[in-house]
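Okay, so here's just one chain, in structure tokens, the form predicted alone.
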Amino acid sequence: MNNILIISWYTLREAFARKVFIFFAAISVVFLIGLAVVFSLINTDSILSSMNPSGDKIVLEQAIIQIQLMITAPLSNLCLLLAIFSSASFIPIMLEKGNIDLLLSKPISRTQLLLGKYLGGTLVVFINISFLILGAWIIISLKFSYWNLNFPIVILVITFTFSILYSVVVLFGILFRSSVPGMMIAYFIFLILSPAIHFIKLQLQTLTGKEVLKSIVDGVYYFIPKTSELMGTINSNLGQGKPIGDVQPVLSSFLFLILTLFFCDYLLQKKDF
């Protein structure tokens, strides 16, 4: 366990040295400054009165929460896209000649090396996402004078979703020793495959006589990670303080993560360096 923590700490230092933190932080700061400027020019009282003519406190709080979610939903997706981009090169750089030779000369197993790099990359993204989401939450809360204490939980949802996609990035990084294939596959799953399969599955539920097609879609649906639902319904529910609802997307996505990491470890054990 100590070796894993050491490699994770090394990955954090690597992120600092390669300006990954600075890159992510710079984009976050620009966004937060822009959000603060826009909010300073907006009359929130008129917006809230139009959304809640009765002035009911509960309705008002729900209106503010909805505004938070409307603003941070695209922000969450942006976080993931930036996170994948900024962390995709950790594994390929580790596998470069010289780097991997040095690491394997240490008293550390390949499994510990893999887990340390994976957890370190996830920690880098968790810190960056926390900075951006908490910054946006503070700005919105100050503007509307309402603190939705459930909202920061979305940081965990975004990080969990990233950790799933990052396992795919790691897998292709080991296979090809390049960051590009893993990034492309992760973006494809997140932006196209998961939303499309979820949509098709919902549409087929209302149709009859499509049993073969339903079985194929269900097979794909239960195999791939449910990033669409994690960043959609589940993220929204937790941000509003509601129960997750259906835990199947969480459990099946977690199983996908574990199986992918096991396969990554298998490939890394078979690699001849």
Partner chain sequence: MNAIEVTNISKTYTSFFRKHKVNALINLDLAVPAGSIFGLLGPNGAGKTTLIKILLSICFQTSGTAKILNENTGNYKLKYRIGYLPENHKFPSYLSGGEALKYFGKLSGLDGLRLDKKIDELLELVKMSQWKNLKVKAYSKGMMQRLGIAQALINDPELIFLDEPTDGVDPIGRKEIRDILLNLKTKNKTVFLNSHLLSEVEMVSDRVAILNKGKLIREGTVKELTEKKHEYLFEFENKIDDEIFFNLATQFNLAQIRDECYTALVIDSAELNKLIDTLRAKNLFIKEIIQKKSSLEEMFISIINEAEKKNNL
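Computed from a predicted structure; not experimentally measured. Residue numbers count along the first chain shown, from 1.
Missing here is the form predicted together with its partner chain; even so, the following discussion is about that form.
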- Query: Does its partner chain get within 4.5 angstroms of any non-hydrogen atom of residue 150 in the predicted complex?
  - Reply: no
- Message: Under a 4.5 Å heavy atom criterion, is residue 14 part of the interface with its partner chain in the predicted complex?
- Response: yes
- Heavy atom to heavy atom, is residue 263 within 4.5 Å of its partner chain in the predicted complex? no
- Message: I'd like to check something about residue 142: if you look in the predicted complex, is any of its heavy atoms closer than or equal to 4.5 Å to a heavy atom of its partner chain?
- Response: no
- Query: Given that its partner chain is left out here, which of 127, 180, 104, 192 has a heavy atom within 4.5 Å of it in the predicted complex?
  - Reply: 104
- Message: To test your reading of this chain, name the stretch in 164-172, 105-113, 119-127, 70-78 whose heavy atoms come within 4.5 Å of its partner chain in the predicted complex.
- Response: 105-113
- Message: Need the contact residues for 1-22: heavy atom within 4.5 Å of its partner chain in the predicted complex, sequence order, or none if there are none.
- Response: 3, 6, 7, 10, 13, 14, 17
